[in-house]
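In structure tokens, one chain follows: the form predicted on its own.
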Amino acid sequence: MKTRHFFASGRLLAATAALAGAVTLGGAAAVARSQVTVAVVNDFAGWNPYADSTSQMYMIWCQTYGCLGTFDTRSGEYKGLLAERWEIGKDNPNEWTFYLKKGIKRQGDGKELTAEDVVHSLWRNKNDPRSAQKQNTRPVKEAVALDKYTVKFVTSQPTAPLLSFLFDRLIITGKDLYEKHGQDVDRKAPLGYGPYQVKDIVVGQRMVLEKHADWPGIEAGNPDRLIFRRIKEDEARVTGLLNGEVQIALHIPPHLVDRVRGASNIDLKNVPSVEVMFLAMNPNFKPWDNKLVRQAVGYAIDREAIVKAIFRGGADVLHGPIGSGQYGYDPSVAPKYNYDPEKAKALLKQAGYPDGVEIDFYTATNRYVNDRQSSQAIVPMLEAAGFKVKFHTPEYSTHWPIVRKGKRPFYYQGRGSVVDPSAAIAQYFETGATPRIGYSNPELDKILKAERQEFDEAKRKALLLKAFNIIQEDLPAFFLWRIHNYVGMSKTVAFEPMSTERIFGFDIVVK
């Protein structure tokens, strides 16, 4: 029968990669035959898998509760996880059919994954009071369980990049568990269909996962226990890697690269990044309602000098919303903003600020590689162009909720996992998608709608270029750089990092 829905820091973690014996967790004894600890920089928001929208949490929830698939930057292809395959309707491009893998059993109770769970998850994504992920499912208006293993998504309009909205962003949770426990389900029954099970969460410190041995494709060599530990300070993260406290460390900053590279027990890998860094300028606040002021920022900043001095060459300057290797990249994007402080001064004067203008500039610290240092370098450049800058460095855990509500006028930000830029561009620049920047441009909205409906690659890329040019001209955000992702890992593990910074336990092998 068809069903359908319509949508309106503890030291506990010090360990070697191979750890034998009993480990006590939450009052219960668990045997961990092998363990890998991953040092990350972002926070853990809590138990609700729909309540945050950071790249890190999508990655963790995807391998615990489960997700339809992900994009593997190592192969350049979308890879099914819970979905075996998918197809677009031959006669109706608004219909996408996903065929689930059979025999996916839930952790704890062994219930098999069904299409009903996927339908429920789409509903919860849109209706959970704490959901911060509704933008990912905006294109989908209806979900239909065709049979036990087949689910059809119906979009409100043709959406060529639908996978970039849904894959590893639509978290799959159990319908029956929600019906039993309601809003308390995530704490009372944190059971999912992924290869790892959530065992413990300490907000601000760590998440502990244990391998679901019955998951198809999981291997004996994959770690039995996978711990994501927040170590936001660069020195502490590197020290933990070198002394064996952690086995994989993300975001090794450029000034510590040589130290890690010189360690005999560590491998260092440099992975191209698909995270774009930018300065957001919310036009709902003065002086950012004036395009000339926003353009002045573009000419005021010497990005090449910052990349050389702060990142030691470990970043690539962006001259538009994306860079080479990302879908739709075109070097002809225009206008480009080359460093020209005199032009920046002239634009401020033309905007009505001949004596300069006071602004507040926010950047979270220890969230992105050299975030404080690069932002500090930006401040005198802005001041030389006539801006009077009040520089703020809040904790990311307090800064991010304010950004999400659209209450930060001017801030340094990154957007990760930009493989196909459609979802990211819509998230920040399409009218009403999210309030993060608060920008609205009917012409851009029209083009973004058109590019999502275009399945011809050449035509779609041409539309994306038009969208990029509008953003570059109007400049609600000034794109800065992509920072190289240096990943350090113990030689006791084998792992090939991805540009999206996704770390899945089934990709790690303990030697």
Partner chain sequence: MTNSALTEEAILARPAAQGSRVPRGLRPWLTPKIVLGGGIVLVLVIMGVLAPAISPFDPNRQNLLGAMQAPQWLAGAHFLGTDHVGRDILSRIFYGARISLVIAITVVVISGIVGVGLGAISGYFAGKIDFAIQKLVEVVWAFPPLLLAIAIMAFFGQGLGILIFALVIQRWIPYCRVARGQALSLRSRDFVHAARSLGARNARIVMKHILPNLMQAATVIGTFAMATAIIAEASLSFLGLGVPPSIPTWGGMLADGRAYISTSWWLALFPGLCIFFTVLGINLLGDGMRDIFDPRLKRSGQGMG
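Residue numbers count along the first chain shown, from 1. Note that the coordinates shown come from a computational prediction; the quantities given were computed from them, not determined experimentally. We call the rigid core whatever largest set of C-alpha positions still superposes within 1.5 Å between the two forms.
Below, we turn to the form predicted together with the partner chain, even though it does not appear here.
Each of Ala305, Ala377 and Pro380 is positioned with at least one heavy atom within 4.5 Å of the partner chain in the model of the complex.
Contact check for Gly352: every heavy atom lies farther than 4.5 Å from the partner chain in the model of the complex.
Ala309 belongs to the set of residues with a heavy atom inside 4.5 Å of the partner chain in the model of the complex. Within this chain, Lys111 is remote from the site of the partner chain in the model of the complex, having no heavy atom within 4.5 Å.
Contact annotation: Glu358 falls outside 4.5 Å of the partner chain in the model of the complex, judged by heavy atom distances.
Partner contacts here mean any heavy atom within 4.5 Å of the partner chain in the model of the complex, and among 76-84, 156-164, 380-388, 344-352 they occur only in 380-388. With the partner removed from view, the residue among Asn290, Gln326, Gln373, Asn441 that has a non-hydrogen atom within 4.5 Å of the partner chain in the model of the complex turns out to be Gln373. Of the candidates Asp147, Glu233, Asp330, Glu179, Glu233 is the one whose heavy atoms come within 4.5 Å of the partner chain in the model of the complex; the others do not. Contact annotation for 251-278: residues with any non-hydrogen atom within 4.5 angstroms of the partner chain in the model of the complex are His255, Leu256, Arg259, listed in sequence order. A movement of the C-alpha atom of Ile88 falling short of 2 angstroms is seen between the shown form and the other one when the two forms are aligned on their rigid core. Relative to the superposed rigid core, Tyr396 undergoes a CA displacement of at least 2 Å between the shown form and the other one.
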